[in-house]
Structures are given as structure tokens and as C-alpha cells.
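So this first bit is one chain, no partners, the form predicted on its own, shown in C-alpha cells.
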């Protein structure tokens, strides 16, 4: 489903010094798999999501999703690919403040030409599942952080994307609310199981994933999601 091969990505800092994020980095993710990526701040976790979602460009190497190499398509094609195939849940929710909850979750349907009764009803049923159907006419500023994240969850899935990306989706939530949001995410995924990539610092979230991946020194290290805590002697090999 998603195959990164010899992926390279760098940024240039204010002093024109090159900051290498990825250098010949590779990773494979199967269709329908739920992978969670851990790594230190600045290790490249969010950058990887931005590359998969075409929000950022690859320097060299390849990043293939199905038969499409994202390194070889135009900016217009990237926009259309992202709009159709990607659902993105942001840590800071990124809801449009001038739109109501209902308008926010239906926006992806409008952008993809899917604004028909069947899809509208499905989106509203998801809003009901997350317990917010009574808030559909409210604006984001009237919602709590946990409520905004639940709306963002529904919006990301409303057009049934092939790939769901989540960038620290529980980072701004307390532990109890985070658990509620994650359980709702798993419930909404059950319907059609999109390939899901989440980045986080929260080791407790491993229980929700099929596989944990650790990003350290520009390399992805595979670990099983059910991995128990390593002993103290090996702790330095794990980036949290």
C-alpha cells in the first residue's frame, strides 16, 4: 500500500545550514494496517506524514502509494490525490472556525463531488456515534478540546479516504479524553479499515495499533505493537 524507498528530505535553517530529516530511509505499510510511529521531537515523524499527504515534497527517492509515486506527480495531481485519498487528524484540530460542526464534516464531501444524501447521512451517523449530533449547528469555538478532536475525527473519515493520518491527535487532551477519542477512532475504523498512520509520544497508544515503528537517526525500526517495556539495559535503544 505505502512503500518508501531511499527517501531523502532536508530543510535549510536560517543560517543556510542543511538539516537532514531522511537519508535513504525506507518503510513499508500494508493496506489496512494501523501503524503508530514514535520518535523524539524533530526526528521526522510529522514530516513523514506531510510527505505521505503531499503537503511537502520529497527531495529524492520514492514514496509509492498503490501504483502512484508521489515524487513524480505534479502539484495539481498532488492536491487532487490528497483531497480524494487522505484524511488528516491534526493535534490542533484545524477546524474551520467560520463553519459549523456539520459544515466542517461535510466539507470533504463537497470538495470531492460526493455531496449526496447517502454520504451526508453516513457522516451525520458518525457524528452521532461520537456523541455530537446535538452540536451539529455549533461553531468550533463553542466546543471543548475533546469535542473538537471528535469532530476532526469525523471530518477526516467522512469521505472514506484510503489513508488516515493522525499527527499527535491526543497531544492536547487529558488522558481520560484521549482514551475516549482513541476508542471512537477504533470504532469508526471498523467500517472499512483505512490504512492508518499515527505519530505520537504516548507509549500507551501502542495497544491500539497493529505495529509500532520507532524513528531514530533517520531510520525506521519495526517493533510489534504488543511489545512490553524493555529492561533498563536496553532502554537507550528505544526512542519515545
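Everything quoted here is computed from the prediction, not taken from an experiment. Residue numbers count along the first chain shown, from 1.
There is another form of this protein, the form predicted in complex with a small molecule, and it is not shown here; the text below is about that form.
With a 4.5 Å cutoff on heavy atoms, residue 168 counts as touching the small molecule in the model of the complex. Residue contact check for residue 40: one or more of its heavy atoms lie within 4.5 Å of the small molecule in the model of the complex. Heavy atoms of residue 46 reach within 4.5 Å of the small molecule in the model of the complex, making it an interface residue. In the model of the complex, residue 201 approaches the small molecule with a heavy atom inside 4.5 Å. In summary, the region of this chain contacting the small molecule in the model of the complex, judged by heavy atoms within 4.5 Å and restricted to 202-210, 46-54, 178-186, 27-35, corresponds to 46-54.
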